[in-house]
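Listed next as structure tokens is one chain, alone, in the form predicted on its own.
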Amino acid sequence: MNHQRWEHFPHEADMGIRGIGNTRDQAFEQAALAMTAVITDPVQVAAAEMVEITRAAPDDELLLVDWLNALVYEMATRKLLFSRFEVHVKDHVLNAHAFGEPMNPAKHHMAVEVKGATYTALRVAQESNGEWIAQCVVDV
């Protein structure tokens, strides 16, 4: 069964993002997609350019925050939006490829800027039904 999806959840001033997948890797990919969806409709972003990201952290939760903040950094410095992700996590080391294209306000209709991922509502876990959840609140 395919549990791969993302969703948002409410938070007072910011936005909760949640990635859900059959694997931890898919949950991380879907969390990144949920973060993109805070900014713009990911369907409108072409996967034309690739950025490689590697991160390491002492646990899955900190790795999720580091992964999302690396994407925020890449978006800010390269002026890119991402729409597709390939994530591989092993022993709390993340190797990923993010695919996207340069920001184009006329095309992407950006709603808000994500300033960073936070530790609020931070959770990476495998549920009793087998699906993985990767979530946190992003500062907007």
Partner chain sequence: MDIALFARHTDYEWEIAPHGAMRVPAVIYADEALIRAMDHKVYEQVCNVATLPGIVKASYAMPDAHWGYGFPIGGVAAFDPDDGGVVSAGGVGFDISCGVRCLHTGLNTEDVMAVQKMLADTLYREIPAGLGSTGAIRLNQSEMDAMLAGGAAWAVKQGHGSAADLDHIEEHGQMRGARPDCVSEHAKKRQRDEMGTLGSGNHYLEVQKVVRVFDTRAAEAFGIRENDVVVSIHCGSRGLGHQIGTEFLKEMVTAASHYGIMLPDRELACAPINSPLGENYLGAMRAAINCALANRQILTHLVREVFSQVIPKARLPLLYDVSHNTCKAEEHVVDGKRRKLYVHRKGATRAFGPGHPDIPDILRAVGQPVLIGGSMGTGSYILVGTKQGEALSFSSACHGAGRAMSRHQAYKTWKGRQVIDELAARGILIRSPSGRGVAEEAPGAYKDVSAVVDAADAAGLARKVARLEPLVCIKG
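Since the structure is predicted, the reported quantities are computational estimates derived from the model, not experimental observations. Numbering follows the first chain given and starts at 1.
Although it is not shown, the form predicted in complex with the partner chain is what the next lines describe.
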Query - Touches the partner chain in the predicted bound form: D14 (any heavy atom, 4.5 Å) - result: yes
**Report entry** Touches the partner chain in the predicted bound form: I39 (any heavy atom, 4.5 Å)
**Finding:** yes
Report task. Verify the contact flag for A117: yes if a non-hydrogen atom of it lies within 4.5 Å of a non-hydrogen atom of the partner chain in the predicted bound form, no if not. Result -> yes
**Report entry** is_contact(P10, the partner chain) in the predicted bound form, heavy atom dist at most 4.5 Å
**Finding:** yes
Report task. Please pick, from M50, V43, V93, V112, the one residue with any non-hydrogen atom lying within 4.5 angstroms of the partner chain in the predicted bound form. Result -> V112
Requested in this report: State yes only if every one of V72, K79 and D139 has a non-hydrogen atom within 4.5 Å of the partner chain in the predicted bound form; otherwise state no.
Outcome: yes
Query raised in the report: From first to last in sequence, which residues of 48-75 have any non-hydrogen atom within 4.5 angstroms of the partner chain in the predicted bound form?
Result: D59, E61, L62, D66, N69, V72, Y73
